[in-house]
Ligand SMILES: Cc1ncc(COP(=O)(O)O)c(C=O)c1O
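The data below hold one chain only, encoded as structure tokens and taken in the form predicted alone.
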Amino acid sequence: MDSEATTLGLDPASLAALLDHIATCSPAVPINRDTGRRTAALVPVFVFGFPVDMAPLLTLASEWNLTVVEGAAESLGSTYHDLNCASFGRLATLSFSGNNIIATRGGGAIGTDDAALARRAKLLSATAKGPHRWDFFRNETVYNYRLPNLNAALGVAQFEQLPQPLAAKRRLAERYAGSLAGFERAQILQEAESARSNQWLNALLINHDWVYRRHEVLSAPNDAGLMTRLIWTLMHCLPRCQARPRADLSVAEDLAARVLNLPSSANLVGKS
């Protein structure tokens, strides 16, 4: 699905148009007329910590009987209409890899208020060992995705201090925005009025007439030891995904050509 230019996330209008075009209702979930397969879930991802416009997406999900699974790895601490991201769908996924707000050198978490779903996820992520004193009987294909206790303790300690890195990242974002105010060739991407970003990664949007020089823009800070990078490669451009069904992605492709990420560590600014 295409992106929305302000939030960088899933565009509700594009999704609504696509569902009207390709989906046919069944007793349970919509069926894709092109593939004959069911469409079961809607997975909005909060890119760089910018909340997706969730209200119309939740309405669409209800109309089409789609389960909402939030890709909230980048949005811990972000809010949409004063509600925390990772609290809108049936479940949400978080990541604690080394560059996230909470970093345990790997692992993550599932958030849900569905007790039965939580028990099921815990069972599958913990080798599906049933509650027995000595028997290790398993009758499902299972995984071992448990976060080791030492890593989990590291994450819990960081959760207790979460307001500090969030405040530092916001100060850094404000300094970027102030430094580049009035710059005619690029702008710092700003959060929507209905949202508050955790400012996980600061993003610079280059004007169309300067895109051809983006590698020059990247060279100078990287030569100086400041990590600045392109946005991630879009999924439909990856060899393994090129044959997958997709909608028009013109907005996402435009953003991919123009967005650069700037150094965004909370350690780049002081405490005051």
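The structure displayed is predicted, hence computed values, not measured ones. Residue numbers run from 1 along the displayed sequence.
Unshown form predicted together with the ligand; subsequent notes refer to it.
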Proximity of residue 107 to the ligand in the predicted bound form, heavy atoms at 4.5 Å: yes
Contact test in the predicted bound form: residue 204 vs the ligand, heavy atoms, 4.5 Å: no
The ligand contact at residue 166 in the predicted bound form, heavy atom, 4.5 Å: no
Distance check, residue 86 to the ligand in the predicted bound form, heavy atom within 4.5 Å: no
The ligand in the predicted bound form: contacting segment from 92-100, 128-136, 146-154, 175-183, heavy atom within 4.5 Å: 92-100
Answer option from 69, 45, 231, 57, heavy atom within 4.5 Å of the ligand in the predicted bound form: 45
